[in-house]
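Next up: a single chain in structure tokens, the form predicted alone.
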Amino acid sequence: MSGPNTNFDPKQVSALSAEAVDQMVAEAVAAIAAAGDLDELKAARLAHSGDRSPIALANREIGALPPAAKADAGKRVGQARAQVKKALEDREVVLIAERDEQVMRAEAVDVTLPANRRPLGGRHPLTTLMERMSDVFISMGYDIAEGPEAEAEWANFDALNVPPDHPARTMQDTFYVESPDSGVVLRTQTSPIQIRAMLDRELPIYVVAPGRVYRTDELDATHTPVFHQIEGLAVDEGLTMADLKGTLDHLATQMFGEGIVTRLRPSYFPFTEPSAEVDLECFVCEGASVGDPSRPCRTCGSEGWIEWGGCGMVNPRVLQAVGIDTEKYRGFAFGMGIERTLMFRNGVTDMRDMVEGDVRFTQAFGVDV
């Protein structure tokens, strides 16, 4: 019986040779270094340090070696496994730090920034529209005039040639402060501001009076007891209806765009003579629905025109009431509702939306300043 082979060289076993083990380590270290994230590192760990990795398979060959060769082979494979483990740990530290840095950048919160938990608000479209209309007249050389909302009955009616028995002066149409005998009303139009302007200012006078007015109307889709008007007054030498028409055409163009057509339709107002209604050509059908039952227009009722406001030459009695020489001076005046203008410009169909305070209505117009 022969003794053990003490001259066995483990280098003769290809899987356990120094060159083979060094190659395994080099491939493992290269794969680990190439891992770009933790998932790729996990795949490299399984491929080069798992149960089916080349080093693990080589380690299984040690059991078949003679006792004298096991120590040298085991040392060589152990050192290789330690190198791979060290490379894995070092690369894992780097990749975790990179991942944490990316998360910190992505989820960074600047605590010095001001809080913005409330939605951005906006001004009411009636306010901005009234200011835009005022700006049109300012660019034409007009002044903005203001007056009290609780007005003397004389300025609201008498000075404007409204007789005492006129229906507008009854409590069914006008809000009186305390009683009809008090002589104080909530102004039914901004025309009293024109009276005050003619009493206080030097001639010639070019003023525009925007503001809130009151009438005893029921709140519905087209009426409200509190609404807004803008009225204009010009008193100078030689003014005519042509000047009035040119002024209104310019305002209509600024409000509704180039190409808008206006007309003056004869009417009656106590404070102007002659008087007219200002109509706009329907901007939906442009008059095409008139006489054509197949093309009805809800906006103008197939009439081709939409009423916008009233106007006319100032009645001489109004000028005389404030002490203006009617032989030398003439004037024209006009007025239209801000709500009505907003409905035309933006397609608002229900006036109640303007007064109910729902932010969803205001937000549709954006943040306007």
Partner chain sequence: MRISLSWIRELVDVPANATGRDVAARLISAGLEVESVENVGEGLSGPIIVGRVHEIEELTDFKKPIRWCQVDIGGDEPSGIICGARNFVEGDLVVVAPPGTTLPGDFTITARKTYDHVSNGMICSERELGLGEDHAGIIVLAEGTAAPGDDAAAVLGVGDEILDIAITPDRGYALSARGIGREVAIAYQIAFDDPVDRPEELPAPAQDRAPNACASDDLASCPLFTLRTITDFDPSAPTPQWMVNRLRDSGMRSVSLAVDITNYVMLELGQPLHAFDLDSLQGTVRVDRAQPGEVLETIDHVERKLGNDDLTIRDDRGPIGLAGTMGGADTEISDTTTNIALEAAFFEASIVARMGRRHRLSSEASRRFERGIDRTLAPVASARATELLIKLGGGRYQGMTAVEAPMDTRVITMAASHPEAVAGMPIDAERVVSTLESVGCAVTSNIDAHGNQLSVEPPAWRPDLTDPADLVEEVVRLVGYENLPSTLPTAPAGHGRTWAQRVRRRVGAVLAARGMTEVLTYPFVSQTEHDALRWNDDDPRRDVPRLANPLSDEQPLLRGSLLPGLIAAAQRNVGRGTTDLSIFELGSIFRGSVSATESVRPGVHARPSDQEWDALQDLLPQQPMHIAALWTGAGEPRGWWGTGRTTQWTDAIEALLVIAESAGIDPDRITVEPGSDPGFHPGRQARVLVDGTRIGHAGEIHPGVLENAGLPARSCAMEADLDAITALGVDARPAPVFSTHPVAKEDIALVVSADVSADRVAASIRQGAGELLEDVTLFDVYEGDQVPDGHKSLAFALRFRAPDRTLEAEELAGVRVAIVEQCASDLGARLR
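Heads up, when I say rigid core I mean the largest set of C-alphas that superpose within 1.5 Å between the two forms. Remember, it's a predicted structure, so these values are computed and weren't measured experimentally. Numbering follows the first chain given and starts at 1.
We do not show the form predicted together with the partner chain, though everything after this point is about it.
Put simply, of Glu98, Glu92, Glu286, Asp236 only one has a heavy atom within 4.5 Å of the partner chain in the predicted complex, and it is Asp236. At a distance threshold of 4.5 angstroms between non-hydrogen atoms, Glu356 is in contact with the partner chain in the predicted complex.
For Ala47, no non-hydrogen atom is located within 4.5 Å of the partner chain in the predicted complex, even though that partner is not displayed. Although the partner is absent here, Glu231 sits far enough away that none of its heavy atoms falls within 4.5 Å of the partner chain in the predicted complex. Put simply, Asp158 is close to the partner chain in the predicted complex: some heavy atom of it is within 4.5 Å. Stretch 125 to 133 is the contacting one of 71 to 79, 99 to 107, 84 to 92, 125 to 133, since its residues have non-hydrogen atoms within 4.5 Å of the partner chain in the predicted complex.
Within 4.5 Å of the partner chain in the predicted complex, a heavy atom is found for none of Ser191, Arg298 and Leu342. Contacts between stretch 211 to 233 and the partner chain, counted in the predicted complex as any heavy atom lying within 4.5 Å, involve Arg212, Tyr214, Thr216, Asp217, Glu218, Leu219, Thr224, Pro225, Val226, His228, listed in sequence order. Relative to the superposed rigid core, the position of the CA of Glu202 differs between this form and the one not shown by less than 2 Å. With the core held fixed between this form and the one not shown, Glu178 has its Cα displaced by under 2 Å.
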